[in-house]
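As structure tokens, one chain now follows by itself in the form predicted alone.
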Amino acid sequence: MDLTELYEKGEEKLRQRDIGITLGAVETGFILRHDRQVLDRYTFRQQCIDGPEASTGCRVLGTDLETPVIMSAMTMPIPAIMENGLLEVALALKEAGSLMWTGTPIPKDLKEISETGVPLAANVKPFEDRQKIFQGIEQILDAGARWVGIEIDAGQGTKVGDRIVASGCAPLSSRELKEIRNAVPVPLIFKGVLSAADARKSLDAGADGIVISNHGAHTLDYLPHPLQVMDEILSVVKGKMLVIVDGGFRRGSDVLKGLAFGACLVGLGRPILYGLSAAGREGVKGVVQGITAELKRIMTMVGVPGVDQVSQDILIKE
């Protein structure tokens, strides 16, 4: 199946099941509509004469990947889609040369996932019971994950429509983030940065990277799309931290826009779920490889030889 078929079939199957609620958004649903509107504001400046042979490979925090397209942090929907779903996703992403990022709850089989050989990152929520944060970090490290992520944007839990789906959280302080930094010997990523102020505090706390993200429309309503705040955030980061972005990215063209704004990696959430629901392991692999092929094709036609050589010069704002 091609990308369009995977998306259509996967979404249709998910919406027929209870787990389909996760495809929704907090309260009014504004974010999902707005994400697409922002991405569609940019067109490409074609530069096809002497077009380079583009490469999508990259090395990020010591991890070699064949694509900048990775899985955004999530756990909960995947086991409900199919038996051993997380392991199937891990194997698919390994075959696609990508990176897997689990969310909360931390998978009980995280060590088994890590042992597949897929590059693995794993997240912890800002639990009100702070001891649970450190217990989660220990579990992640024991499993052999390469990166640890902290969901700084989930201080009020998560919500779909009018329904709270994750509770028992509280915002973290800068002091607490520094304590977490001291407890993590591997790269530490703060997920959910959407302002220069939080980027500066992330840098001061010692984060190795940030994920610029509106959390798949599951935290606060009326959050911006990451592209709207990336310039102000990058002006603070200045190459001192890894920058990852997610939020409504669906095609290779979307990914290239994220890279053009300064991201090193672009995360996929719902597309991974669509691929898994439509065709299992092969569906997930097909989504990542399909988007990567589109990305490489467009890079060649806009004069970009590598994913670390993309700039906003290739974009025209509507």
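Residue indices: 1-based, along the sequence shown. Keep in mind that this is a model prediction, so the values were computed, not measured.
Omitted from view is the form predicted together with a small molecule, to which the following refers.
In the model of the complex, M74 approaches the small molecule with a heavy atom inside 4.5 Å.
A residue is said to contact a partner when one of its heavy atoms sits within 4.5 Å of a partner heavy atom; S114 fails this definition for the small molecule in the model of the complex, lying far away. Within this chain, P271 lines the site of the small molecule in the model of the complex, having a heavy atom no more than 4.5 Å away. Remark: G136 does not count among the residues lining the small molecule in the model of the complex, judged by a heavy atom distance of 4.5 Å or less. Between the options G248, P107, G85, G209, the residue in contact with the small molecule in the model of the complex by a heavy atom within 4.5 angstroms is G248. Residues with any non-hydrogen atom within 4.5 angstroms of the small molecule in the model of the complex fall in just one of 271-279, 288-296, 57-65, 251-259: 271-279.
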